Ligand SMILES: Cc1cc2nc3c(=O)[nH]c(=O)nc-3n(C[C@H](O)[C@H](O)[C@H](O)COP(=O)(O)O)c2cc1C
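As a starting point, one isolated chain is supplied in structure tokens, in the form predicted on its own.
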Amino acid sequence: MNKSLPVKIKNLVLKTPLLTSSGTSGSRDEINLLQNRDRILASLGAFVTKGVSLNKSLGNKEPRIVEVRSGILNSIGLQNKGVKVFFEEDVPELQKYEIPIIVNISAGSVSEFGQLSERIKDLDKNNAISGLEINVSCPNIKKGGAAFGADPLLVEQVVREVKSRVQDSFCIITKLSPNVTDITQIGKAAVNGGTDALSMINTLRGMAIDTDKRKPILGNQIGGLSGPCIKPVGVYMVYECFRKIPECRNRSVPIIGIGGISNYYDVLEYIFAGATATGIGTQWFINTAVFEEIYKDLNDYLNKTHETIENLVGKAHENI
């Protein structure tokens, strides 16, 4: 292992700064089916699962995915088997990966987030789970479907509730939505709630219209935009949170940069902007070797420059 690659997200030591992005790698099946499974796992610092909820969710009606210029729109709708089945079927297989497992969690109210996180703590008998990633882009039932992630007070309440239920059992990561006026206000709220790290960004709201049928293509009408087209937005938002949130700047609350990563140059952009680690998703729908390719290229870059990832975090702020 290259000693220049490992990074820390609070108490988690990641052997590389590369993570799967929630929603793009299932909860174990996709990697297990690939021939290059072992090389992928050797390249990953952690595996982030698809969103898990308290009870089974069927997701949105089809069609759910449409390809657009430089990205995709998806409206899967957090389909999953529920937390009990997740622990029965997926967790035993996930443990075989021998890397930190971070569970993305989704709920419809503050109290439900608390119940879900406590349920995970109770079910995790073998200490298989290293972290929870709170998806605050979920619709809030009591607010008529408005996303938690757009309201700083709600974000703080959700994070505080989750932290109170699990204490220090897991590293708590809050995944921020870009569909807000000022993401730093939401980031500050998560920090105030006690989050251990921030991940950003989630998908951007968007839609596509069938010009022959003259109606939206997605069954849910709107979806989440991901892919190369959103990378500049992600880099900007990481940069802003690192610049404006003291806990991010001093790295007591690290940032995981997500959005549009296709190669090691993209990873470096996020690192220079202030991210300690990065999540990759959409690109590996079309290139199952993306993790091992980026891992190799990062290795080569660090060997050539005699740098470490940890020393490169936030470098773009020093060079202005």
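What you see is a predicted model; the values in this text were computed from it and never measured. Residue positions are given as counts along the sequence shown, with the first one as 1.
Missing here is the form predicted together with the ligand; even so, the following discussion is about that form.
Contact annotation for the candidate site: Leu12, Val103 and Ser169 all lie away from the ligand in the predicted bound form (no heavy atom within 4.5 Å). When contacts are judged by a 4.5 Å heavy atom cut-off, Gly260 counts as touching the ligand in the predicted bound form. Not displayed here, the ligand is approached by Ile65 to within 4.5 Å at the level of heavy atoms in the predicted bound form. Using a 4.5 angstroms limit between non-hydrogen atoms, Ala277 is distant from the ligand in the predicted bound form. The ligand is not drawn, but in the predicted bound form it has a heavy atom within 4.5 Å of Ile76.
Of the candidate stretches 224-232, 83-91, 113-121, 158-166, only 224-232 has residues with heavy atoms within 4.5 Å of the ligand in the predicted bound form.
Shown without its partner, the chain has Ser21, Ser22, Gly23, Thr24 in segment 16-35 as residues with a non-hydrogen atom within 4.5 angstroms of the ligand in the predicted bound form.
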